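Below, in structure tokens: the form predicted on its own, a single chain.
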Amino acid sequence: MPNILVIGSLNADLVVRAPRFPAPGETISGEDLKIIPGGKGANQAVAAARQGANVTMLGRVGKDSFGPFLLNSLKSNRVDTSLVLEDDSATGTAIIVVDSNGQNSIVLSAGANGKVSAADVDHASFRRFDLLLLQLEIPTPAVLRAAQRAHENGLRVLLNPAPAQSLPDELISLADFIIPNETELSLLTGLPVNDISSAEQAAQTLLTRGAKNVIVTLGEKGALVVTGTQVTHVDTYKVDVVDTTAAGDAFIGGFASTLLRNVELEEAVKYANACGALATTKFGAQPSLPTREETEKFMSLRGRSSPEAISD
């Protein structure tokens, strides 16, 4: 069974559905508030675990009521939480508004996530893992140190540069796979990204900075794989969208778990697209993340079987 280490954020998502996003200074009515376990790190850990991977999470939560809530969610999804530390800061939170089209607007409060440090990373052993998943909801020095430790121990590194920010070339070159969406790719490279052609051009700039493989998630347009030897557009699946929250995390969890079963890159992306599409059909972050059984059934019903190498 693949061993994946996720170093990243754990958030309590405070979610409200509304007919639309409010304009500046405007108050609108929404539905009842829901508190849902989230955070890009925790979401990706759960996404990979539900796809059959053996996953360990490293991060921080606060000593408030949200901390145990998030840890219990991870444990119930068979994610090892032994490397999650308790911090005096408040647990990280995300305030999320979801409109009638399923699109979301998110404001993060880092809380304990902002205290994850390079020292936390150095206290962990990397020897029993095969793949490291990273995002940017924890401080960049901790992310960079994690990538360095992974490189030293022979782990492949998957970096989701979200929320997008300027990154050192060393971190870009240490990542075996960089997976941004269109907005993140644009902010990361300083180039406009509004279609497949512009996404390819921006991804190529990351290759010149040392990136090995760039996979751009394009929402309803699928994903674009850009490497030193290929550029491939991979279609996704049409579904009725309920909530796009955590769709990218579902994609990454599906991609990571499939990649470690020695599936070809394009096939792994096809499978990840199915995971991302399925996540948009349910409300919330972690509750929307599909299992391996659900994903394989979905692909079969859509006339595209999952890769043979996925079967045990």
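Note that residue numbering begins at 1 and tracks the sequence as displayed. Predicted, not measured: the structure shown is a model, and the values here were computed from it.
Here the subject shifts to the form predicted in complex with a small molecule, a form of this protein not shown in this document.
Chemist: If you check in the predicted complex, do 94, 108 and 246 all have a non-hydrogen atom within 4.5 Å of the small molecule?
Modeler: Affirmative, all three are within 4.5 Å.
Chemist: Does residue 51 reach the small molecule in the predicted complex if we count a contact as any heavy atom within 4.5 Å?
Modeler: Residue 51: no, not in contact with the small molecule in the predicted complex.
Chemist: With the cut-off set at 4.5 Å between non-hydrogen atoms, does residue 43 touch the small molecule in the predicted complex?
Modeler: Within the cut-off, so yes.
Chemist: Taking heavy atoms only, is residue 272 within 4.5 angstroms of the small molecule in the predicted complex?
Modeler: No, no contact at 4.5 Å.
Chemist: Does residue 137 reach the small molecule in the predicted complex if we count a contact as any heavy atom within 4.5 Å?
Modeler: Yes, contact at 4.5 Å.
Chemist: From the candidate stretches 33-41, 275-283, 257-265, 60-68, select the single one in contact with the small molecule in the predicted complex, where contact means a heavy atom within 4.5 Å.
Modeler: Looking at the other structure, the answer is 33-41.
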